[in-house]
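Single chain ahead, by itself, as structure tokens, in the form predicted on its own.
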Amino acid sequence: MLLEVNVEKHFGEFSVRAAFTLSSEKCGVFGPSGSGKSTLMHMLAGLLEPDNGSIRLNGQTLFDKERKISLPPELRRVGVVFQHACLFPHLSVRKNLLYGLNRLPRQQRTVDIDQLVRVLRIEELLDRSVSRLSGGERQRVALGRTVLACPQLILLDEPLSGLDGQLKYQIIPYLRQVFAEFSIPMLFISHSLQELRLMTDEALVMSKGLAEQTMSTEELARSRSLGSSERGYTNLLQLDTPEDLGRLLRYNWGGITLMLLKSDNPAAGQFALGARDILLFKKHPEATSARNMLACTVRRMYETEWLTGVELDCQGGTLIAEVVPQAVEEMGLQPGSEVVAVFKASAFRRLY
């Protein structure tokens, strides 16, 4: 994908100005409410015309003020999944799915509907009225309808913000699998760093109507989370299927053994580990109640206003711990220092 944007839109005293180029297949747009994210999305989709500038997608001009080009939404092949699913209430799930596909020339129909239905796990919903769907089911159907329109790009405008925390993380695996299976580029718009880290590789940062910069999503997370007064940085770990040890589960993380509390869902998945739940020791402690003790090397350090982020190389895996500056001084921590990272089996939180 190659998305080239240079647009302006004015609303009285508020203006949106965005000039950027994105080439990653999994891009995010990050910013607080009111930063201009949704306005940008509407301009890309053709739902709102910029006052000035141009938009090009994969070499095709979607909008150019000077050349008086403004393709209508139906000709842009840019799909949109809104915060609220916006399904047609008078149509069944099946007819909602087929709505865009039926209006597409046969030569552009590149997505197999049966395969998509299997990936989204909505086989049993096809003949159901959309009024009988849960919030998560509605979002899966909305995503399926958009994918079946075979767009060049899909815009997801805060698609998870209307769902509660647990349901949100149940939807993310479906989103990830769909975009992996069908290779459709996406622009994931969100104010949640956690969602962006799970869904994207690169992010465009917006603030007060301006597109400020692009950076890797992980770089963005570290710059915004480390040393923050809230929960701080969160390590995200993909863990393989565990071995049941009775009250504990033994997981494999890239060749490293991790011990977690037994849960209702003892399976492979994505887990979160807070950087402030990791204790650092200069040598292996003689005895501790914590079940995880990893020999690590300090890779680099991040100074913040009141905490220091310590990036650790744990036999190839990466963890970040947050400690007070006094601990850094007392332990003599610097890149290359050997430490032991210690954390409890109960410190992990399953995301999905």
Partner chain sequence: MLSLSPDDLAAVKLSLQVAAAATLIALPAGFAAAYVLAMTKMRGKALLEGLINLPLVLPPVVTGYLLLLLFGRNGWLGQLLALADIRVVFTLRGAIIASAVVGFPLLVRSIRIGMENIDRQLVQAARTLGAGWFDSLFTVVMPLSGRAVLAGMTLMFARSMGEFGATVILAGNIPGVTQTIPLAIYQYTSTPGGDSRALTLCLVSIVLSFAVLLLGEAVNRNLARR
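Note that the coordinates shown come from a computational prediction; the quantities given were computed from them, not determined experimentally. Positions refer to the first chain, counted from 1.
This protein has a second form, the form predicted together with its partner chain, left out of what is shown; the following refers to that one.
- Heavy atoms within 4.5 Å of its partner chain in the predicted bound form map, among the stretches 277 to 285, 249 to 257, 95 to 103, 118 to 126, onto 95 to 103 alone.
- Listed residues 114, 219, 74, 164 were compared with its partner chain in the predicted bound form; 74 is the one with a heavy atom within 4.5 Å.
- When you look in the predicted bound form, the only residue of 196, 78, 206, 160 with a non-hydrogen atom within 4.5 Å of its partner chain is 78.
- Though the partner is left out of this view, residue 90 does reach within 4.5 Å of its partner chain in the predicted bound form, counting heavy atoms only.
- Not displayed here, its partner chain is kept clear of residue 210 by more than 4.5 Å at the level of heavy atoms in the predicted bound form.
- In the predicted bound form, residue 149 approaches its partner chain with a heavy atom inside 4.5 Å.
- Its partner chain is not drawn, but in the predicted bound form it has a heavy atom within 4.5 Å of residue 47.
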